[in-house]
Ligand SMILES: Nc1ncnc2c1ncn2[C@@H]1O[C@H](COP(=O)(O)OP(=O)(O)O)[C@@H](O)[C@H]1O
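First, one chain by itself in structure tokens, the form predicted alone.
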């Protein structure tokens, strides 16, 4: 079993539901589990029907061992993560640098790039900790996730370019960046370790979703990260397709499923379209039972 499980996929494919059900599955098995979202549009709190926010929060009514909860969740707030990251970078310089230099550093750390790095830095902290048996990452829609994972890949080039540009980067001063290099290198090694890390793409049985999954999977492989599984979510059961509209939809879905099986040689899980929204612990337990009973290996 992998210690780190990353869920990714296009927005609206049911990624958060699948990630939440997976976290519940491992907690019920008796494993101390954390689910973390780096998606600014995440609805973990809605799915679990309790307040979560930018703090590690125990999830009620899932699993307990020795009177301690087994499932925890956190919604990484990009603004809070950025604030914490900036202070970690700038803090050590406050007592040794003049105010105008500090102001320059803070200005360099005000771009969108810093927000992305801050979220990435935050979940690296989770990967380096040894507090949980399983950590499930519900990541932002695919393109954003891949940008995060590509960030630490070519450090020497990035450092060299930033030195030419005056010694500043969206990661902070070059000195601080070099100090972070080992941390990011360890994280990248973990991401590439298929014994410890699994990437799961969630898709719908639709052509655009298949295209997005293929593209993202190939992009990850170019940086040495192999996706482990595919979940095809939202499949219409044939028995409900007597009406012509649904019959055509069913046939279209089946065509995409066959194409997916042909072009993606990975284990797959198949999830039927549900007639109700998966919210609350009991509904997520039902999803988990279906999810972990339906896997087809394909080498």
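Computed from a predicted structure; not experimentally measured. Residue numbers count along the first chain shown, from 1.
Keep in mind the form predicted together with this ligand is missing from the figure; the text below concerns it.
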Residue 291 near this ligand in the predicted complex, any heavy atom under 4.5 Å?
no
Contact test in the predicted complex: residue 13 vs this ligand, heavy atoms, 4.5 Å
yes
is_contact(residue 45, this ligand) in the predicted complex, heavy atom dist at most 4.5 Å
no
So in the predicted complex, is this ligand close enough to residue 234 to count as touching (4.5 Å, heavy atoms)?
yes
In this chain shown alone, the residue from 241, 256, 271, 28 with a heavy atom within 4.5 Å of this ligand in the predicted complex is 271
Among 52-60, 246-254, 261-269, 226-234, which stretch has residues with heavy atoms no more than 4.5 Å from this ligand in the predicted complex?
226-234
Which residues from 196-223 come close to this ligand in the predicted complex, meaning a heavy atom within 4.5 Å?
204
